[in-house]
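There is one chain below, alone, in structure tokens, taken in the form predicted alone.
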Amino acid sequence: MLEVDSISKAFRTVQAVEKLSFAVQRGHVFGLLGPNGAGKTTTIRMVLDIIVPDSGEVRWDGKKVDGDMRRTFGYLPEERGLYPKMKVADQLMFLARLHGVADDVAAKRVAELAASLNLTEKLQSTPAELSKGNQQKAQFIAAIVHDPPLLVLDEPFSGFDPINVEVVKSSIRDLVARGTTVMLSSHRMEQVEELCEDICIIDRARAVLSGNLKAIKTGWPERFVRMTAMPETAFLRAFPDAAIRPSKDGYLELTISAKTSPADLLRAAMAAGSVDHFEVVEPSLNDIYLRAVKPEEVLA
């Protein structure tokens, strides 16, 4: 298990991370979320022992993370880190050796991963010759070639089309099934929601919401209703807490408080017109994120 215990880090007058704590269970996918500048990258670097916290501690299986332990972890940074003129196959083998993987094991692992990511035909190319998406695939393989116990992914879906997003998500699920613990940072809320069991949202250096994603949704103070679009919405006057949400696909979408009965709302809607579709939906991770993270102008 990864334990982040009240870590803080300041750079001169800038407090990058302040008293941040969370835990990631073995074999789970954990989402670290927040706006740009919130402290996510600093947190990742402290988890990986790249920079040292001013206070607090990061532990893996109860032991403080150090340089030796860090070398067993896998890391996919947002920035590309491959040698641009060295063949992909050669540098994947080189990086595997740095992690102590024997050549025969590494060669088999590289071949298997390249096949699963549709990159086999590009192994003899250099990163400079590859598309942005294929460069990201090569770097993803570099992060997992040694079968790490902990994998940290920073914006792993950057540069991928929808098909390759699914390919990488499948690879992440395979790693988790093998027991790998994954910490994922991304602005792609739909992918995080699909993969992560637990989340931590940080804003302005502090955690503003953390915990099990299903539990957060269950305890959410609002409900969301999706129903047939009505030509007349006067029936909503009986529900003063109901607010119409923007909809892109022709449905009427509403936000209501937990005290409003969806059954009463449905009866009022049916009395006002024809209702072919009515459902109560849980909040999306995007809804949760927008509630937890306040824009700068709100705090001004």
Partner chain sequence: MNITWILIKREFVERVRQRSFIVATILSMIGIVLLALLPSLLSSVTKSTATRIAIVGPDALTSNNTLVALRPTDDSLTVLTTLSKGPELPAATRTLLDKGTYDAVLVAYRSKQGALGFTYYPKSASSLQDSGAIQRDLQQAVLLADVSGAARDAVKRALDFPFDVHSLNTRYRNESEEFFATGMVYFLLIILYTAVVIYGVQVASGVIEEKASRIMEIMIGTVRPSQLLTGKIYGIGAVALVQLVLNAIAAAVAALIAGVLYGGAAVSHGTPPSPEAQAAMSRVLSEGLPHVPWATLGYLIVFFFLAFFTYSAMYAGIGSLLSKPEEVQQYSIVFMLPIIAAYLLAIFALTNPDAPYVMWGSMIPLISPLLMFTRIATVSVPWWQIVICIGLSLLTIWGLTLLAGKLYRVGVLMYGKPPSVKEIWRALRAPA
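Since the model is a prediction, treat every value here as computed from it, not as a measurement. Residue numbers count along the first chain shown, from 1.
FYI, the form predicted in complex with the partner chain isn't displayed, but the following is about it.
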In contact with the partner chain in the predicted bound form (heavy atoms, 4.5 Å), from 203-211, 217-225, 173-181, 96-104, is stretch 96-104
So in the predicted bound form, does any heavy atom of residue 90 sit within 4.5 Å of the partner chain?
-> yes
For residue 157, is any heavy atom within 4.5 Å of the partner chain in the predicted bound form, or not?
-> no
Decide whether residue 108 counts as a contact residue for the partner chain in the predicted bound form under a heavy atom distance cut-off of 4.5 Å.
-> no
4.5 Å heavy atom contact, residue 77 and the partner chain in the predicted bound form | yes
Using a 4.5 Å cut on heavy atoms, which of 82, 230, 130, 165 is close to the partner chain in the predicted bound form?
-> 82
Assert contact residue (the partner chain, in the predicted bound form, non-hydrogen atom within 4.5 Å, options 271, 50, 243, 234) equals 50
